[in-house]
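Only one chain is shown below, in structure tokens, and it's the form predicted alone.
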Amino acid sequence: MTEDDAEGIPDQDPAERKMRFLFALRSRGVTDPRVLQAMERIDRGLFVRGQFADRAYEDTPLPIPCGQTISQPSVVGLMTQALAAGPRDTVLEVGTGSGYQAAILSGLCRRVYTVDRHRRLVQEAEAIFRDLGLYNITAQVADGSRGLPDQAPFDRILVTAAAEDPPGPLLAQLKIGGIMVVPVGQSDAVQTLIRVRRSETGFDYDELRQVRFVPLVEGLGQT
């Protein structure tokens, strides 16, 4: 099946649309049953509004306010799968964006802390979390490059914006035995998705795949 096969066709019934959506995820390497179940429960259409709403079920990134994007579902699935969050884990997400990734994580772990530099995005995501009854997510406006030291350390850290190197403050907030998934590379070039595992003796790095994300920017946004 091609990407076009998974597009959100207006007259497609919801069951058929969900089946195609999940098939597209599996065909792109998302095979963890817990991740697939979490992505089946959370409707991506709730997080895509305006002129792109009819494309919510395509496997493609889409624009959202504040110059940001909602990642394509297969990348969300692959990052979530690489994170391997368990039901007792506390997860930090850097880059709330639409809130879609945090909503997926909420069904896989004990608590999600998600931060974004744009107040508008945090407020809109919080409204969706409330509507869905996702009460184990705490969203706040913050400089994600600095993490959340008051809540650290974290079992898992997921970064949804690209840094030139894994940010030192985030590495420091990862528990021994913890995992961080982060895109690394120049913002105007193809980046590499990295999985970092923290051990007693340091950090181990695995390259997962090529990706393209908006850059990780220090400080707070104007909106």
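Counting begins at 1, following the sequence as shown. In this text, all values refer to a predicted model and were calculated from it rather than measured experimentally.
Keep in mind the form predicted together with a small molecule is missing from the figure; the text below concerns it.
Should Ala161 be counted as a contact of the small molecule in the model of the complex, where contact means heavy atoms within 4.5 Å? Output for Ala161 is yes: heavy atoms within 4.5 Å of the small molecule.
Mark Ser27 yes when one of its heavy atoms lies within 4.5 Å of a heavy atom of the small molecule in the model of the complex, and no otherwise. So Ser27 does not count as contacting the small molecule.
Heavy atoms within 4.5 Å of the small molecule in the model of the complex: does Leu121 have any? Within the cut-off, so yes.
Would Gly144 count as a contact of the small molecule in the model of the complex, using a 4.5 angstroms cut-off between non-hydrogen atoms? Yes, contact at 4.5 Å.
Please name which of the stretches 153-161, 168-176, 34-42, 190-198 has residues with heavy atoms lying within 4.5 Å of the small molecule in the model of the complex. Going through the listed ranges, the match is 153-161.
Answer yes or no: in the model of the complex, does the small molecule come within 4.5 Å of a heavy atom in every one of Ala84, Pro183 and Leu208? Looking in the model of the complex, the three residues Ala84, Pro183 and Leu208 all stay beyond 4.5 Å of the small molecule (heavy atoms).
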